[in-house]
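Below you'll find only one chain, the form predicted alone, shown as structure tokens.
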């Protein structure tokens, strides 16, 4: 993969009706990457995509494409194509003509159009569908036609705004694999928007996690999962137990009333920190053998594992284990140094991590207070 930056966003800010949508955003995207913008509704990910596509002009900042500023370049003049959740196929045109549409607009020759249409349909595994009515196709087939049409113009960058949202779960998983394969075959830069964490982790070279108009972390799926930068990222990507801790010194942290060896360093002596422990990393043992003991309050069968909620002095932990426990059982938990991840305190500290509730709404109801940025 090339290291050159195909897109650079510099100091981008956008407001709609005095509401800040993007706040001084800086990001670069490498040529040939599969990049995913990930975050909850309203975080600014689609607005960022639309700025790259030319559908939104930033109030402040610059958009660079191969080092050239393109702030005022209209969408049809950018070497970028966009696929939306609604595929916007032309119902009066057959599959062949849908794929050929952009090339006809560009006045390409008939031979080139025919060869490209066949090449694109082969790539999306729809050879032989040329004369089909697009309304007769399934959702997954329609989406692949939309991809073929977008790729037929040979864009340098393909923007995909939650294109799998309307598909059922199994088809969605098939299309995740399909999209990744197409991206690798073509070498085109894909920029994908989703709020689905699993989708982002399984498809991407790079994940950009966003919240409230700001980038929280950029990294590989492994980096994002194993080394989250703050409590928001740790909570949004997978499940996380997030506890208050104190770094006594390098490689020694205290939380849940005990001191633990860890692999983290570079914090101040006795600095308050957030401690992240993934549910799948916790080993369940007899109570007397555990570093920490607690009472099982609920157990949910999840197919691959059991999801076990454990009360430790009023803090609800989640454990994921293939061995069943029963509500009312007293259990011990063992943590190894590489199971413990230390993060700096942030505006998200205290807002996530306790499994007395899974959603913000339920958290607010149970604690009788709203989550604020300061918590």
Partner chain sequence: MKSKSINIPYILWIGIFIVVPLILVLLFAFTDSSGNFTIENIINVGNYASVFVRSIWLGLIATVICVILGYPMAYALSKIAPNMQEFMIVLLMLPMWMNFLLRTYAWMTILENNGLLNRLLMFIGIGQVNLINTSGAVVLGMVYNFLPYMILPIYTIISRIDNRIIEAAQDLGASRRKVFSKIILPLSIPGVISGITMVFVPAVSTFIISKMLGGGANILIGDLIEMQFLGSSYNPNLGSAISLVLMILIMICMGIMNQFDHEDNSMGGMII
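What you see is a predicted model, and the numbers here were worked out from it, not measured in a lab. Residue numbers count along the first chain shown, from 1.
Absent from the display: the form predicted together with the partner chain. The rest refers to it.
This chain is displayed alone, yet in the predicted bound form one of 81, 194, 189, 204 has a heavy atom within 4.5 Å of the partner chain; that residue is 81.
Taking 287, 272, 238, 75 one by one, only a single residue has any non-hydrogen atom within 4.5 Å of the partner chain in the predicted bound form, and it is 75. Among residues of the shown chain, residue 106 is one whose heavy atoms approach the partner chain to within 4.5 Å in the predicted bound form.
By the criterion of a heavy atom within 4.5 Å, residue 86 is counted among the residues contacting the partner chain in the predicted bound form. Proximity of residue 91 to the partner chain in the predicted bound form falls within the 4.5 Å heavy atom cutoff. Among residues of the shown chain, residue 267 is not one whose heavy atoms approach the partner chain to within 4.5 Å in the predicted bound form. Contact with the partner chain, judged by heavy atoms within 4.5 Å in the predicted bound form, is confined among 337-345, 318-326, 49-57, 36-44 to 49-57.
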